[in-house]
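As C-alpha cells, one chain now follows by itself in the form predicted on its own.
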Amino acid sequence: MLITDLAATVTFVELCEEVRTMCSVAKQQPITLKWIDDEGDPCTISSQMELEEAFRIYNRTKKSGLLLHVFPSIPERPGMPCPGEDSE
C-alpha cells in the first residue's frame, strides 16, 4: 500500500500523473482508479466530475482518508470489475 497526501484541489489529470509516478505505471498503460463510497460500493474515478464527487462524499462522511484502488487495466465493459479486482 502506498500513501500520499493530495490537496482536495488536485485535478483528475494531476491525480493520474501522481498515481502513475507512485505506482511506476507507464503513461501508455491504461489504469483504472476506484474508491469505495459510503455505501460500500466501488466507484470509478475517470473524470474531473467523478473526482470532485468522491471528494464531496468523502468530506461529508469524514472517513480517515480517501482510499484509491489502482488497477493497471480497464474493465471489459463499463460497470464490470477490472481484471484482478475482487469483491473484497
Partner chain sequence: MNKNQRVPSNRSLSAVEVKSKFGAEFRRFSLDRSKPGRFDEFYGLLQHVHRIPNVELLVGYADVHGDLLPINNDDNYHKAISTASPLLRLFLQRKDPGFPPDLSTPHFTLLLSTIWSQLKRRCSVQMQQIGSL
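Residue numbers count along the first chain shown, from 1. Not measured: the values here are computed from a predicted model.
One more form of this protein, predicted in complex with its partner chain, exists but is not displayed; see below.
Colleague: Does the 4.5 Å heavy atom contact test between Tyr58 and its partner chain in the model of the complex come out positive?
Modeller: Because no heavy atom of Tyr58 falls inside 4.5 Å of its partner chain in the model of the complex, the answer is no.
Colleague: With a cut-off of 4.5 Å between heavy atoms, is Met49 one of the residues that contacts its partner chain in the model of the complex?
Modeller: Yes, Met49 sits close enough to its partner chain in the model of the complex that at least one of its heavy atoms falls within 4.5 Å.
Colleague: May I ask you to state whether Pro81 is within 4.5 Å of its partner chain in the model of the complex, using heavy atom distances?
Modeller: Because a heavy atom of Pro81 falls inside 4.5 Å of its partner chain in the model of the complex, the answer is yes.
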